[in-house]
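The chain below stands alone and is given as structure tokens, in the form predicted on its own.
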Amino acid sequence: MSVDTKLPFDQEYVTNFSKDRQEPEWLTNLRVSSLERAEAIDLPKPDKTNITKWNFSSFDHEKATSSDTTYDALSEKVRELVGKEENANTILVQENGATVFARTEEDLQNQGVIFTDIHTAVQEHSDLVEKYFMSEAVTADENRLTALHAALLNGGTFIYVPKNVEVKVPLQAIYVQKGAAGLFNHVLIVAEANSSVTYIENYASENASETVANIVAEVYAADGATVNFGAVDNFSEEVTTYVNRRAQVMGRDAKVYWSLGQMNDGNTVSDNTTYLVGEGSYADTKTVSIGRGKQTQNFTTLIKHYGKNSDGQILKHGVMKDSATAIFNGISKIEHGATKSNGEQTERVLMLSEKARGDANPILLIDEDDVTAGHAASVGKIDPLQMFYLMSRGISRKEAERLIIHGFLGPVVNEIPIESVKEQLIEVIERKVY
């Protein structure tokens, strides 16, 4: 049954919003048709989590104005994420969807690499964006939230890496949500044959009030391409988050690596799906999360195998504190014809209080005989003997708990291939532990 979300937006608003941004006709039409769909289709239905009473409709939506500001004008929080100014050569910073700081190395531009905000991309590279935008990995008609995303898109990034180009420096994007502004952010990465790129994104809130973050990321990898996608999500408890990150690993021997730190303080539903289409294609997903307070979270990781000799790896560790609850779903789906494929997954949840709840669900769906697959899962509390041992050495209970959390998350954090994401995660973990 459809859930009523009374949005303060109509087709006239969406049309004018698109025209004010001087968007191409195809995007205006997509916005309008998607808003119409949103009225008729349901919210997503994450397993074992009822999101029908979550806030997905109370937020502001205005056309923020981009301006190229200085490094010193950025907030202290953003400067910490950017790092030293002299190292900020390939970076994009947005506030409520508007670009406020952007730098791209000239060498990348000379190689044909495109690294720009989504607003500029649809104006200057319209045909290229249209070819991929919400066409395969994520579509507007999947559910109410993907439809609203397409209708109210207001920020994001477009990355295009031509054939045989290796982007040797990480491309970084920082997205800041302020006040009650709803963030409808879209990231689109296209890696052509034998190219490689590392992309890192950070989401953060400043002075947030009740609002929504509706985030979609699409990755397309052609033959022999390699995409490293790192993210640290850190929205405040006032923000209800829907995040949908997907990859189409289309090419032979193409690879996509996900390194995700999902550290929001508000209710969150996350879909991370990878389609292994090409023969010999590979996906590796590593996720860590800490829940605290009264928040509810649902994390679903799906790797679907279509190509022969494809390989999918899932590793997820979560820590639940206070009265937080979380569902960790891992799904390895091997389709008929994906012979010689391999799917492995591990989900582990550590609960730190009597009221905390965690649920780890490993799922193997195998429609082909000649494959290998395996899974492991555990949900438990801190071992009292482990705590006793640490405290008997003069360590306080709080410090002992901190050490145990780092030890529990370490097998995931230490395996993350992007050093800056690893460092940021450790900092966020420190803040959330205390």
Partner chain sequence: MTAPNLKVEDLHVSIEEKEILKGFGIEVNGGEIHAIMGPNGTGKSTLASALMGHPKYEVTSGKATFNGEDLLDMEVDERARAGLFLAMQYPSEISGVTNADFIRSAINAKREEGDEISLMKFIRKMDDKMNTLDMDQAFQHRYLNEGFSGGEKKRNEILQLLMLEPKIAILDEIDSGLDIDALKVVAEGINDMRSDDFGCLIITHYQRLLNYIKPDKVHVMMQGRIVKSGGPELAERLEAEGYDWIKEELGIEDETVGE
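Values in this document were obtained by computation on a predicted structure and should not be read as measured data. Numbering follows the first chain given and starts at 1.
Keep in mind that the form predicted in complex with the partner chain is missing from the display, and what follows is about it.
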**OP:** May I ask you to choose, among S396, T65, T52, T70, the residue with a heavy atom within 4.5 Å of the partner chain in the model of the complex?
**Re:** S396
Subject >> The single option of A373, V379, I41, L403 touching the partner chain in the model of the complex, heavy atom within 4.5 Å >> reply: L403
Original post:
Just one of 385-393, 41-49, 55-63, 362-370 has heavy atoms within 4.5 Å of the partner chain in the model of the complex; which?
Top reply: 385-393
Subject >> Contact test in the model of the complex: N16 vs the partner chain, heavy atoms, 4.5 Å >> reply: no
Original post:
Is there any non-hydrogen atom of Q22 lying within 4.5 Å of the partner chain in the model of the complex?
Top reply: no
Subject >> the partner chain in the model of the complex - contacting residues of 407-422, heavy atom within 4.5 Å >> reply: G407, F408, N414
